[in-house]
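Just one chain follows, in the form predicted alone, and it is written as structure tokens.
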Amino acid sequence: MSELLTQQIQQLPKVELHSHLEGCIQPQLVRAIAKRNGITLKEGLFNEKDMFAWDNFVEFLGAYDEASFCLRKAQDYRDITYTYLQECAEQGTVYAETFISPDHAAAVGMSYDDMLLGCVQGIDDAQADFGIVGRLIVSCVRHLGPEQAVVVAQHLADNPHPYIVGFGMGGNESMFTQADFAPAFNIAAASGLACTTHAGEVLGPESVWDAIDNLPVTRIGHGVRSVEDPQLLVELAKRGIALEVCPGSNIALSVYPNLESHPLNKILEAGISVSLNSDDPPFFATTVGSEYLSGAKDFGLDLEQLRNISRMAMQASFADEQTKARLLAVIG
């Protein structure tokens, strides 16, 4: 890849729609927050390269939970949000949506209000300092069950905030069905929130069908295994449902053995709206910037195709129409 193309991609306005805020904490920030809160981190959390140490999905979840465990105050969430958006802005990102989990905060004794207060402050500070627009998607946790998801969705509906633009679901894909969560998603949608859900990552195309046929979603988190069902690809394009694709994450978690076998190009060729995303960047040794560079280096996408991915992502974002129009003009 030429030096000129690398430079052009670095300068290209980017859009990120799929990251988990607790999964965006860099090791140095974990240490700083843990020290500030008087928490001793588990031995072996980091490796000799000062990266999170894990070798399989179970160990990844353990490292993720250990890093999240040090979060106790609004200031902690402000610092994570600000640092994440700063890193995105340095890579040319103009708009970023990130998942936040009230259940994750509650597990360490934090209130939803304190978590949100911190996130909002981080978004405001980052926009003032770097010009990047940040927004939040509140996520329920699948393995905590449909009833808890309804609690989360109802609280959202009763306490709207302009920076909360969507409702989503992560967690263990093998527990429950997407349809089981229809009551929660319908509450969120009725309150005016756009919806997305993780599917087609651990499980196959049947999980995506389950989502698009039973939930009011306009996006699917990951969704890459949709390529295993040609009819599903046709249906996603027909319904205008966008996929939040995270190639680096898919390789790190062994959804695919390597980038050569990753179906990004097949999804694009099917006429489906796509965004490129980092998911949990420090855990997977990736960034939104490196995902765009990989688009050229590993998938053969040219600058205009990458710009079109930014356009598709902005159009599929949950931002208000005025913000969309302004940032689409910036993308060009």
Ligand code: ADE
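Heads up: residue numbers just count along the shown sequence, starting at 1. Since the model is a prediction, treat every value here as computed from it, not as a measurement. Superpose the two forms; the largest set of C-alphas matching within 1.5 Å is the rigid core.
One more form of this protein should be noted, the form predicted in complex with adenine (ADE), which is absent from this view; the next part is about it.
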### Task
Go through Gly171, Gly204, Gly145, Pro216 and name the one with a heavy atom inside 4.5 Å of adenine (ADE) in the model of the complex.
Gly171
### Among 302-310, 60-68, 262-270, 27-35, the region lying within 4.5 Å of adenine (ADE) in the model of the complex by heavy atom distance
60-68
### Query
Does any heavy atom of Asp280 come within 4.5 Å of a heavy atom of adenine (ADE) in the model of the complex?
yes
### Query
Would Val165 count as touching adenine (ADE) in the model of the complex under a 4.5 Å heavy atom rule?
no
### Query
Val227: heavy atom within 4.5 Å of adenine (ADE) in the model of the complex?
no
### Task
May I ask you to state whether Leu253 is within 4.5 Å of adenine (ADE) in the model of the complex, using heavy atom distances?
yes
### Residues in 110-126 with any heavy atom within 4.5 Å of adenine (ADE) in the model of the complex
none
### Message
Superposed on the rigid core, does the Cα of Phe299 end up 2 angstroms or more away between this form and the one not shown?
### Response
no
